[in-house]
Ligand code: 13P
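Single chain ahead, by itself, as structure tokens, in the form predicted alone.
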Amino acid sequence: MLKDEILELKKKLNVSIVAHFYQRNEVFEIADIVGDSLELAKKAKDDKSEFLIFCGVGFMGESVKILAPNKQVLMPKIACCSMAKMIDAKYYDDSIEFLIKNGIQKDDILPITYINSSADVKAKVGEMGGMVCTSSNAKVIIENAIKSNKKILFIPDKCLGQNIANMMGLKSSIIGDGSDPKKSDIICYDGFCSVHQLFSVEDIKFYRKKYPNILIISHPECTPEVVRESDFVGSTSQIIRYINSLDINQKIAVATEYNLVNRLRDKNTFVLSSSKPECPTMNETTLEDVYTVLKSIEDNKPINEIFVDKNTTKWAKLSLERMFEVC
């Protein structure tokens, strides 16, 4: 079996396999390190193996390489994240220029980027004194940032930015929505997660009508309307901990990626969507891909290695380290 061959290669080689919670089960099960974006960044950075086989999407492999530049980071499949692809260095510069044209001085802008962004964007944020956040620490990061009395430019996920603003009683706007950014505390870039856009208030109404005592659990990448109607909102890890604390007889409907929801528990658990909310890029990585990259290491011809240039690493690392200093 291919799985057995992979496990044999793991024993033979000085490698650790890292997998995000959204990976397909066959890949998730052979991983040494699992978690959400924040957990993986921390755990992978401190791992002692010579090679890290990162099963996820491109920005995640980049983040580990930035934090541990001497480590060899390989990806079985260098898949992209649609949200991360929505903003690049040019779009970032355009966003800063938009705020300046609308009466906000550059020195009065504090950028915060969701970890779902490229190394180039993280570096741009780092150069401007900003930092990275994840869904699990975004509220803490913004609470800290708001003390600067600067306008927060939150990129690229408008939903996460708006939801945190609503939780904190702050005013938010979206670049291009016609509002005056000077009147907002948090100005959001117009990006989003295509998977978490699939959930709707209509889905919530359906489940509440069918199961009156059901709990609705959502990820903060969902729209503000869905988050507002939810009983619990949290990052992937927070969702897992919350669900594990519930009685197995408590019915729940969860608004996040299908693979995670499917492996949470086998009773009284529903996906809050009429369609299958499966991240297509997170699901690109297969056991065959993992085997191929392991064989390339065995043959001393590693493939799909992640590289980040020194200048980008310098500034992107600073933006990540600022996050760790706060959290």
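This is a predicted model, so every value here is computed, not measured. All residue numbers refer to positions in the sequence shown, first residue = 1.
What comes next is about the form predicted in complex with the ligand, which does not appear here.
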Q: Using heavy atoms and a 4.5 Å cut-off, decide whether S16, K71 and E305 all contact the ligand in the predicted complex.
A: no
Q) Does at least one non-hydrogen atom of T285 fall within 4.5 angstroms of the ligand in the predicted complex? A) no
(Q) At 4.5 Å between heavy atoms, is W315 in contact with the ligand in the predicted complex? (A) no
Q: Indicate whether the ligand has at least one heavy atom within 4.5 Å of a heavy atom of T223 in the predicted complex.
A: no
Q. Is H196 close enough to the ligand in the predicted complex to count, meaning some heavy atom within 4.5 Å?
A. yes
Q: Given that the partner is absent here, state which listed stretch (32 to 40, 61 to 69, 296 to 304, 46 to 54) has heavy atoms within 4.5 Å of the ligand in the predicted complex.
A: 32 to 40
Q: Could you list the residues in 80 to 118 that come within 4.5 Å of the ligand in the predicted complex, counting only heavy atoms and keeping sequence order?
A: Y114, N116
